[in-house]
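In the block that follows, a single chain appears as structure tokens, in the form predicted alone.
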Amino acid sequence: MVHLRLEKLEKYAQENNVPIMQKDGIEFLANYIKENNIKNILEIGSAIGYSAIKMALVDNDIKVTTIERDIDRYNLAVKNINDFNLTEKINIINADALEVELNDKYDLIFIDAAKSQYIKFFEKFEKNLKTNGVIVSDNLSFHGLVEDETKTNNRNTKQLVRKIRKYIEYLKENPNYKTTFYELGDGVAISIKLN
């Protein structure tokens, strides 16, 4: 039953151009959460609630806080979270993540929002990361354009690709984290806090 409802969300996202995490990427993330006993998660960018739902379903003890600024997507995410009976496990906030102040500490922070703002999201929320916590970043391949910018002639897309590359360099050079890059989904990075 849950499986069918998740497929319905995937289909909706595909038909309405809603950027949700690709299947092998979200499976990888769900396994990572399970294997590392992660319980408290912050997600930047809820979209329609798909990844928050997938993460919350990994284990009964998991709590997810997720932030979405687009009101239509937020409303749809709230509906989807209700449909899965996960309102006790998922707290969704309708706001621009850069304007949200949180005091909680999280085992994992998942960044999957405006790609041009990734460094700002990372720097703003790393204070909310527990010792040995992880920051997971999605879309670092951006449909293969990060590896090969010649696939597009669109100026805005090229600028975005450069920002993603800058973020990748930022992760590689950040002395406080050990980052591993995975060629899964649309490119995933796991940055483990070192102290």
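All residue numbers refer to positions in the sequence shown, first residue = 1. The shown structure was predicted, so the numbers you read here are calculated from the model rather than taken from an experiment.
Not on display, but discussed next: the form predicted in complex with S-adenosyl-L-homocysteine.
Hey, of 127-135, 153-161, 30-38, 66-74, which bit sits against S-adenosyl-L-homocysteine in the predicted bound form at 4.5 Å between non-hydrogen atoms?
That would be stretch 66-74.
Taking heavy atoms and a 4.5 Å cut-off, does Asp104 contact S-adenosyl-L-homocysteine in the predicted bound form?
Outside the cut-off, so no.
Please determine whether Tyr167 contacts S-adenosyl-L-homocysteine in the predicted bound form, using a 4.5 Å cut-off between heavy atoms.
Output for Tyr167 is no: heavy atoms all beyond 4.5 Å of S-adenosyl-L-homocysteine.
Flag Phe122 as yes or no: does it have a non-hydrogen atom within 4.5 angstroms of any non-hydrogen atom of S-adenosyl-L-homocysteine in the predicted bound form?
No, Phe122 stays farther than 4.5 Å from S-adenosyl-L-homocysteine in the predicted bound form.
Would you please decide whether Glu88 lies within 4.5 angstroms of S-adenosyl-L-homocysteine in the predicted bound form, comparing each non-hydrogen atom pair?
Taking the distances in the predicted bound form, the answer for Glu88 is no, it never comes within 4.5 Å of S-adenosyl-L-homocysteine.
Tell me, out of Ile92, Leu108, Ile81, Ala97, which residue has a non-hydrogen atom within 4.5 angstroms of S-adenosyl-L-homocysteine in the predicted bound form.
It is Ala97.
Under the 4.5 Å heavy atom criterion, name the residues of 13-39 that approach S-adenosyl-L-homocysteine in the predicted bound form, in sequence order.
The stretch touches the partner through Pro19, Ile20, Met21.
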